[in-house]
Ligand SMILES: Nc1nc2c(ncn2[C@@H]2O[C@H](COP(=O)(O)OP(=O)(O)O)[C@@H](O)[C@H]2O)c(=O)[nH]1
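Single chain ahead, written as structure tokens, the form predicted on its own.
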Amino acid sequence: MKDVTVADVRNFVLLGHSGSGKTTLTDAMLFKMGVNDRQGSVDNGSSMADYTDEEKSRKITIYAKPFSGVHASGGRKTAMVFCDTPGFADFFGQVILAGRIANAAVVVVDANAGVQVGTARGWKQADQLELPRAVVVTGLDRENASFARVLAELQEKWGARCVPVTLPAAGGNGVVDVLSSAAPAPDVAEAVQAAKGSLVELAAETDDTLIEKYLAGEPLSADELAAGLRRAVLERKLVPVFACLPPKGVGIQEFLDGVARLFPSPLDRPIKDAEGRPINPAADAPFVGFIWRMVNDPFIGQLAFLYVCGGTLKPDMDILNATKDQKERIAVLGEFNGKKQGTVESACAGQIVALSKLKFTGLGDTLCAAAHKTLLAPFKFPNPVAWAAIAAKTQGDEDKIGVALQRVAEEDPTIKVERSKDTHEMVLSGMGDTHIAVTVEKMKRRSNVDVTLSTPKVPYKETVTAKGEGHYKHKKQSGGRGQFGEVYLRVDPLPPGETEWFVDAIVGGAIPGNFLPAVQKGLVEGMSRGCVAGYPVVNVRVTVYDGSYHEVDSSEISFKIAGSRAFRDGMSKAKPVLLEPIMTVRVMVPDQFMGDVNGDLSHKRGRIMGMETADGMQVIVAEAPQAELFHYCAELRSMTGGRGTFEMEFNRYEVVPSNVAQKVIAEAEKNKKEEEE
């Protein structure tokens, strides 16, 4: 942006519950700054923020998108660089992306609904990133909306530091600026006076000189008040609260004025590198940038969105990808405001630009001046909570599915695709059922690939609980050289902590040493399909102690077959059991849903391991079989009205109860017969 210094850049991220009004606020700000010639709307599909087909059809924000504009007030220009983010839990990965490159956060709260689970989630994310923040209360023109009620809720939840800097005027046609209103209307005079007193006190507390002046009863000057409030916001001792009616454009000017006046610049809050050292944000410092989002544009190709941490980036610069240790050349600096595209001549700290035609660069990479190598910490994303087995509908789609999945995974790092080595299925995982559905739609729209989804197979395993003797003699004559190999072995549980599963106890050369590798190969093959239901065998020790051979007919293939069959014989006599994966689950729900969630977990063969309180929510820690949790994301959302969330990770394998094992074994036998037919 021309004629705007680093000190005049304000970079922030919009957070909040789905439907709280973040996107409408985005459209109102862009219109107010003249970026758009009319105010966009989510309802009629003209929003500058929710412009993709997936977002228009669902009327929710799915992707974090950067915007920028210049706000002019009082003869001063401020560059506003901000990201709109999804409020829907399935797309929280986008919030993580945008939060990493923000200097502050704006939490948007609906005046009717108040603080919701998405509000608390956004606030918690801002806390983890130690972001200064403000709150914007929207929807004040709706029935039963109450600014005072929301303010009281904010203060109850997050303390007296939540102080209004604008209040809604009577009739909903304007707002009152607490600091500049000399003679407020009688209906808000008391609230204005109380808020002004809190703001002055918080400003004074940031400096010893100011607190002495305040305690002595002397008024603070306008400059002292402004400096104190800005410091209070930076230190997170003040959370300014704004009243806005974005569809009517009411309160937008005051909000942008407040951001310019109160929020930190990149100079106040520099980004830190991987070792926690602040990066110099000055325009004349060595260049450092961070790739926070990747997009596959159908016309331009792959775009890398870069946040400038320090220095100045210009076209035709040669820079270093410090993550990959590769050189890149910057061609053009793109500026994106929704579908509107343009170019800029340079970018300084706090600004976001789009780079194309990069050869080596991907998400989370650090770009920097070659002589000043710098690395930023990589992203950390939550584990998936929803899974689906994915398969191509036709042979033609099968050839394209790999590329299509790779494209969507490049754009969305919370989408994972892997082929299970146990079940041989391709499994698509994400942050919820809607997340997976949107991914499939995207593959169809962008790559013309049709797929089918199904519940993944559980990666069961098998083991033994006792000792078993196994024997097999492989003897075959077919005219000419025959086949002969005999193996005696013992199968028992592998002792905890041991890794050597194969024991050679042959004495007297009963099996020649050159045939033992073949026996071992046969054992590995036998362990790939156990005798219970055909699942891989784990945690067993096999001791080969005897056998026989024929000087002419014995061969490697003979002993491989004998080893495999002997293992199956021994395992069947060693009390084999079926094992299933057990997951550790952390469920976060409001108090009123505790009974329902606990009961449901017990119904899923879960064990409650403990309970605690965090961020005003009840946290249930439980262990449950993976087989019961494939659809838990949708079930929990239905059970709690969308207010419950959960995290899950693999814990261990455990023996399957006999009643459940019988069903699994019967299903495996049925599938085997179908395959044979």
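Quick caveat, the model's predicted, so the values are computed rather than measured. For every residue, the number given is its place in the sequence shown, counted from 1.
Although not depicted, the form predicted together with this ligand is the subject of the following passage.
This ligand in the model of the complex is not approached by residue 639, whose heavy atoms all lie more than 4.5 angstroms from it. Although the partner is absent here, residue 340 lies well away from this ligand in the model of the complex, with no heavy atom inside 4.5 Å. With a 4.5 Å cutoff on heavy atoms, residue 53 does not count as touching this ligand in the model of the complex; it lies far away. This ligand in the model of the complex comes within 4.5 Å of a heavy atom belonging to residue 142. Stretch 38-46 is the answer when you ask which of 639-647, 38-46, 624-632, 66-74 has residues with heavy atoms within 4.5 Å of this ligand in the model of the complex. Scanning 576, 266, 99, 246 against this ligand in the model of the complex with a 4.5 Å heavy atom cut-off leaves one residue, 246. Contact residues in stretch 7-37 (any heavy atom within 4.5 Å of this ligand, taken in the model of the complex) are 17, 18, 19, 20, 21, 22, 23, 24.
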